[in-house]
Structures are given as C-alpha cells and as structure tokens.
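Okay, here we've got a single chain as structure tokens, the form predicted on its own, with questions on binding and movement later.
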C-alpha cells in the first residue's frame, strides 16, 4: 500500500501519523512545500515543491511514485482541481473534485446552494456583482443595521473575510472593500454579523454516507482572553462525549443534519436525472472531508462557512483519538462503502495548544531561532508545523505556527493540564495561549449561550 500525501503543515503531520498507525502499514510519499520534520520521519519519500498548485508537476511525481491513493491536505490544490487530474490518471483521491470544492472556494456558491435546497442555516446575506453593487449601502444600513461581514468570493489564505467593528470601522469602508472584491473575483458576499459561540464539525463523506467526527472549538485570537489579531488558530479542544459544553443535543444534531443535507444537495445539483441520489458514491458526488464552521446563536445553528478538507488545528484533536484504521476509512470514502463501524473515536477529551514565535502573527523576528521540546508521553501528541531541522537535528523556528501540542485525558481539565505542562517546558523565543481549554474560558462560552437563549 502506497499513499501520496500532499501537505506540509501540522495538519499534514497528524494525517501522516494516523496513516502510519494503520495495521495496513502504508508507505507514504510526501509532496510538501517545506521539509516538515515530522512528515519526513514518517515518509518513505519526500518531494519538496514550492507550489502545490503546479498541477502538472504534481501529476509527474504521482505518476513516478505510483500510489494506490492520494490524500490532499490544503485547500489550494483541491480548488485548483488536483482530484480531477489525479483520478483521470487512475489515482483515487480523498478530496472533492473542483466543481464540488466550490463549496469552499466560492462563498457565494455555498450560500446559493443552501438557499436553493431550503437548508435554513444561513444568516441574512446577498451576493453582489458589478450589476447590483449600487444597493450595497442600502443592504448594509437598512437590512443589516450596520452589523455586517464582507466575504471575498475566492480563496485568499484565510484573509478574505472582514467584519464590521473589527476590520471595517464604517459602512463606507465596507463598501470600498466589497467593490475591491468584485473587481478582483467578480462577486462578493455580504451577510449579517452573528453573535454566539463558534464550533467546528468535520465529517467523512463517501458520496452518500456522512460519518461525523467529534466536535471541536477553535480559538483564532492571538492572545489570552480572546484578544489580539486573528490567526490560523492558536488551539482547540474537544470533549469526551464528542459534543461541547455550551451546546445542547439539538444543536449537535442540527449541525450533523446540515452536513448531510448539504451532501445530498450537491448530489442533486450535479446529477440532474430522474434518480439524482447515486448509490455507493456513484455519479458526480462529494468524496473526502467536509468541514462545517458553525455558530450557535440565539436563533439556532448558523453556518459560517464550509471547508473541503481537515481543519488545522482541529485535525490534531480528532486524529489524536481516532481508534480505527484511517487507511480503511480513506478506502471506504473512495469505494462508497463507508460505515459507522469503520469510524471510531476514543471517549476522551483533547486540548491542543499551538507553540508560536513570540512575535507571531505580526512580525518575523524569531525566524531561524533554535527551539527545544520536551519528551512527549503516551497521553499527548506533538505535531510539527512551520519548523525546520538542521542536519544535526537542531530544530529552528519559522514565521508561523510552530508546533501543536495535544493533551489527551478523561476530561477537558485533565487534557488541558497535560498540554499546559508540556507547553511550559518548551525552550526558545516562543509563546502559547495558556487559557485554551481552561474552566474559566469555557465557562464564558456557557454563560454567553445562556444569556442569548434567555433573551428569546
């Protein structure tokens, strides 16, 4: 068994680690933008490519290494159509094809799809083009009451979304940014600014079956107490019951229902014939990971956005407690024969805290500085992100998130304590958020949802 893995992040290290724990003992061929030390240790071959969207080059490597299947980590090659290209050349790929990946690469496509198939989980929104841009001011001021979000309608490295009161001080600033989005990518999504608690749900999808992972909550802000600029994610936690403390059972079930209904909507959309629901993943259907970013609000569960791959850090939590064969799950996704029995997670809580350079995310002052890590024990995991390794084994900082350290325990508190102690032992010019997974921060989420619900 030979598996081609395209990714270089801590998410990619977690995927490689899960593959290596498979009883099928696959050989991993890695294509990455950097020489991730964790992936390098697990892979039989590693190819370093500056771009993961140079599809011709990626295909050349794939043909040379002849994998049985491929797994794609980041969004850019998925949106560019790498799954289409690989499958045309006989390499089954755990990632949706380009037209289906529009669920992530086009915010407008996702919102329109949900509206068309009556999946009621969107905030109030409107898709604007050059033709209707003159009513931007009326929509923001009169329908959204000045509380709005502007979403670039293409991939922009996580920097395409701007929020009023945070990135945009006035309606005029919002309109200016929206018009720039229209000029660059043809359209823009403007929608209602929501209040509530965010959470993530990732699901394995084989075209017709949607099997869910434990829920996770991410923390985007750079510093303790949810302060500072947004980042790629400073850490995450999951609970032993696979829900989250601030959610009700109905909230969890609704998020799962939205994932399932969305997969069905995609099948209807791209298989317009009398029986539009293919059996066993046949026809044009979604295969891979479906990641829904949600917000629990006073008015129920609302979708923020979809991603077509594992989240980072969320994958670090999920794959750390996966009790079943990840290779078999991938094979089930590709064959259209995925079952609940194939996907098992330990009934344990996890807390992930990211170690980052001291000046992250604003500056790059610690680039190349040495960093040292403690020994990782059985109840914890460590996944390498933006970090390099000298020939003598010395580890050196990059400019982005360095290492995700995951504590695993019977409770969130126990998992947090394990992660915190390990983070405190890291030596070098680094920092981390010490409040992620703590009782005080989780209680703030619980209290917020209680206040919102009591206002009904």
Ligand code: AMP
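Residue numbers count along the first chain shown, from 1. Computed from a predicted model, the values in this text were never measured in an experiment.
One more form of this protein, predicted in complex with adenosine monophosphate, exists but is not displayed; see below.
Although the partner is absent here, residue 209 is not a contact residue: none of its heavy atoms lies within 4.5 angstroms of adenosine monophosphate in the model of the complex.
Adenosine monophosphate in the model of the complex is approached by residue 305, whose closest heavy atom lies within 4.5 angstroms of it. In the model of the complex, adenosine monophosphate sits within 4.5 Å of a heavy atom of residue 151. With a 4.5 Å cutoff on heavy atoms, residue 264 does not count as touching adenosine monophosphate in the model of the complex; it lies far away. Remark: of stretches 173-181, 370-378, 156-164, 339-347, the one touching adenosine monophosphate in the model of the complex is 156-164 (heavy atom within 4.5 Å). Only one of 119, 168, 194, 240 lies close to adenosine monophosphate in the model of the complex, with a heavy atom inside 4.5 Å, and it is 194. Residue-level contacts in the model of the complex: of 283, 123, 92, 228, one residue has a heavy atom within 4.5 Å of adenosine monophosphate, and it is 123.
Residues of 285-301 that come within 4.5 Å of adenosine monophosphate in the model of the complex, judged by any heavy atom, reduce to 295 alone.
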